[in-house]
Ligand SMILES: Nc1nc2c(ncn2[C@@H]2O[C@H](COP(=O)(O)OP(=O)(O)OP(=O)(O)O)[C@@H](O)[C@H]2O)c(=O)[nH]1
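The form predicted on its own is given below as one chain in structure tokens.
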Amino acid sequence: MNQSQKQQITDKLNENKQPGKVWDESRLIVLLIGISLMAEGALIHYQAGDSQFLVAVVTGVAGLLMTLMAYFLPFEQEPEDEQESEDKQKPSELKPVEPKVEEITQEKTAEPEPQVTEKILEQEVEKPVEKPVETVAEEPELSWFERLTKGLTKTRTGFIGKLKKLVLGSTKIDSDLLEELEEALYEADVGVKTTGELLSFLHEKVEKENITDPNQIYALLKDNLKNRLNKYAAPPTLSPDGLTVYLIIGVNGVGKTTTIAKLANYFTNAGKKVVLAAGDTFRAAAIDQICIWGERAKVDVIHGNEGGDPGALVFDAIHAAKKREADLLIIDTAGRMHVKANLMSELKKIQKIAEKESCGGPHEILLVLDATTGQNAVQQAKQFNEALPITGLVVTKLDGTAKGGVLFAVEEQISAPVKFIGVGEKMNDLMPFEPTEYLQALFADDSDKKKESDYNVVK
């Protein structure tokens, strides 16, 4: 059936349609399909007989339903007749509407003056903008000593605070006080050796000088700890004859790569040209990580392929740093447990290559320690020092522990100074260790500070 035939059938149906009902093309198609199905059901029964009776009935019923649906479903309302629309457009009927339109127009024109509305809107917009400007103030950048003091808060309130409360809260010096003092030192990870030496020193002072005032015990402890830190104090080494080489070692998870980036940032700010060597070829994505940190610190990174020989990488890095006229080469190494002899021997190989290819290198062999690991850090230092001659320590995460005594214990264990300390995650939160300012921050008096001063309260 072509389009013209469909149109003829539609026209015939529409001639007898009820008012407001229109036989559109989709309804006509449904009707034709229904009639076809009924005819097909009858044809199946005629040709196949009773064997296909059920099929014939189902087909015929389906056709009947579609036919009924096409005819009895609600019709869409026909658009208004042209005659009616023409009548509405007659001038005689439009006349009474004109004054209404004018009235509406007049009502609209009688709105309040726009200037008043604009003023109100301006006031409403300006009010919420002014509030954050008045209440939110930019925090000033803290100096290193301020960051150090803030970072040592846990240690100051834990380790030092307990010592101060114990000693200054006593009325006399007796065996009970010294036993409690010994327990406090152990809990602060000062270590067996350092604790024993501190108590022997106090016993000797009390007996010789006949000390009875507990306040003097606190002063003696402070002076003794200061002398211990100054005993091994030494600044970071820089070679006067060309390239300086730093070898960074440590166990897994202490933050060596992050520490290397912070070291690069510190020396770059000091005016040195720094190059990094991605000597950790074992850990997955370690090379990518140090390259990202190198971009942040704005320094070059010498790297090879993952799984390559770290010794060969160190050899290439030293010569590349010399060609680039760098002042400092910092070598990253794979994290390794201090009890693995074969991995420790690999560090010896790297050390020999650095010693042979650089003038007097490595100038610093820095062991990175996590302050939160306590006495385990002391054992790590001992094992690494047996494999390599450690020249200095980098103690990180001092802001995350209340047991800051590990710093005193680890220096005594390997007779090596702490060269750098870290008190935060930012690039500027790692600085050279200064015993005087460290002790000043450690023993700072917080008694005159209000509790809420540690928080930024927006009222």
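Since this is a predicted model, take the numbers as computed values, not measurements. Residues carry their position along the shown sequence, with the first being 1.
The next section is about a form of this same protein that is not shown, the form predicted in complex with the named molecule.
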The named molecule in the model of the complex reached by all of G255, T258 and K262, non-hydrogen atom within 4.5 Å: yes
Report whether the minimum heavy atom distance between G335 and the named molecule in the model of the complex is within 4.5 Å. yes
4.5 angstroms heavy atom contact with the named molecule in the model of the complex for E40: no
Might S358 be said to contact the named molecule in the model of the complex, defining contact as any heavy atom within 4.5 Å? no
Taking heavy atoms and a 4.5 Å cut-off, does R283 contact the named molecule in the model of the complex? yes
Per-stretch contact check against the named molecule in the model of the complex, the hit in 424-432, 403-411, 57-65, 28-36 (non-hydrogen atom, 4.5 angstroms): 424-432
Pick from V299, A387, I353, V251: which residue has any heavy atom within 4.5 angstroms of the named molecule in the model of the complex? V251
Can you work out which of T373, T149, Q289, T268 has a heavy atom no more than 4.5 Å from the named molecule in the model of the complex? Q289
